[in-house]
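Okay, so here's just one chain, in structure tokens, the form predicted alone.
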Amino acid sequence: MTALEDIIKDKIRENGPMSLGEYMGLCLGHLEHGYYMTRDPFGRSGDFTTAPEISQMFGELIGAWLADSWMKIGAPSAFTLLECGPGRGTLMSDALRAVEGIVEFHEAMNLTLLETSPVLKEAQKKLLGDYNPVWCSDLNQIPTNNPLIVIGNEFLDALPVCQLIYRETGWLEKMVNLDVNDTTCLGEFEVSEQLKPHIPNLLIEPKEGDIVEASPEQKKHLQKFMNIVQKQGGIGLFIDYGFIHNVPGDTLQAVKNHAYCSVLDSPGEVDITAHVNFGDLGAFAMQENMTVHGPVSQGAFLKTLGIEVRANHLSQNATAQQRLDIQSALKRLCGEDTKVGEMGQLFKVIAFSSDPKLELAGF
């Protein structure tokens, strides 16, 4: 039993069943025992690998996209570049190196990193210290005096989600409870009033046992970004694994050492995520009078930005083994076979802006 499991059980004994959203938030973000607070989870030695860790090409193309987007919003002389959940800093490091020749972009940029993990902050300082970043741990700390360009890669999937299951009487919320053996288990309970407005509008009639997921936290974060963009101008870009249409499905998953496990196993020791409902987020953004770009698949996005040209350029002066590695990375980032870990179709890309006339690259 982990220390966090004791804390969770005490909360359930005191307050009753706990929503999966609250459970997930504690498992990932508890200040002392949360998963992201105590480790570097990335790469082969961690629990999962993200696109920036697969190849420098990913970050380089994002850098080109950021500079191009900055120009398209008028090349403001001062703007906030915000990365949400920067990991080790690999993505931003590759991105800024790729556009180091655009001096005006760098001079105008105020780099801000939304991060809560002390471990990952240290890694980010090593890679990004020369850019004088400012760290914030709360959305209310994001600067609001300049245009804002936001990038979030595999950020939304780590925000807490709740689950609902359909029964003959209607929707019930799946919650974490304690069984007769004092072991955590999942039960079904009446849906809270706070969660009801966030239930997705399904394209098909639900049937017995169907599960849907709702994330008030994702919308809360997007709402804050959109409020700033509407007032100050700017763009948000989010990349994550997920789906486009509002259909039922259980995507909540836990991963440890690159293998799946139960979300109730070892709280604070495993990564917990859920697929992002891009259709629902896109509809939410449009309700808030934002212009939505996409969603499109990651493979289509990267190919439109020129990743195949970049791969061929890198291959020209590479060894035979390096060429194989470059092609392998290209296939991993853009391929569509999810069974072997290819990300091209599973991952989606969405952007939002306050200017309906804006045409963003990749969409």
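The shown structure was predicted, so the numbers you read here are calculated from the model rather than taken from an experiment. The numbering used is simple: start at 1 and walk along the sequence shown.
A second form of this protein, the form predicted together with S-adenosyl-L-homocysteine, is not displayed here; the remarks below concern that form.
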Original post:
Where does S-adenosyl-L-homocysteine sit in the predicted complex: which of 259 to 267, 72 to 80, 112 to 120, 189 to 197, heavy atoms within 4.5 Å?
Top reply: 112 to 120
Subject >> Site check Q56, A64 and F301: each within 4.5 Å of S-adenosyl-L-homocysteine in the predicted complex by heavy atom >> reply: no
Original post:
Does G87 reach S-adenosyl-L-homocysteine in the predicted complex if we count a contact as any heavy atom within 4.5 Å?
Top reply: yes
Original post:
Taking the shortest heavy atom distance, is N153 within 4.5 Å of S-adenosyl-L-homocysteine in the predicted complex?
Top reply: yes
**OP:** May I ask you to check whether P52 falls inside a 4.5 Å heavy atom distance of S-adenosyl-L-homocysteine in the predicted complex?
**Re:** yes
**OP:** Answer yes if any heavy atom of L159 is within 4.5 Å of a heavy atom of S-adenosyl-L-homocysteine in the predicted complex; otherwise answer no.
**Re:** yes
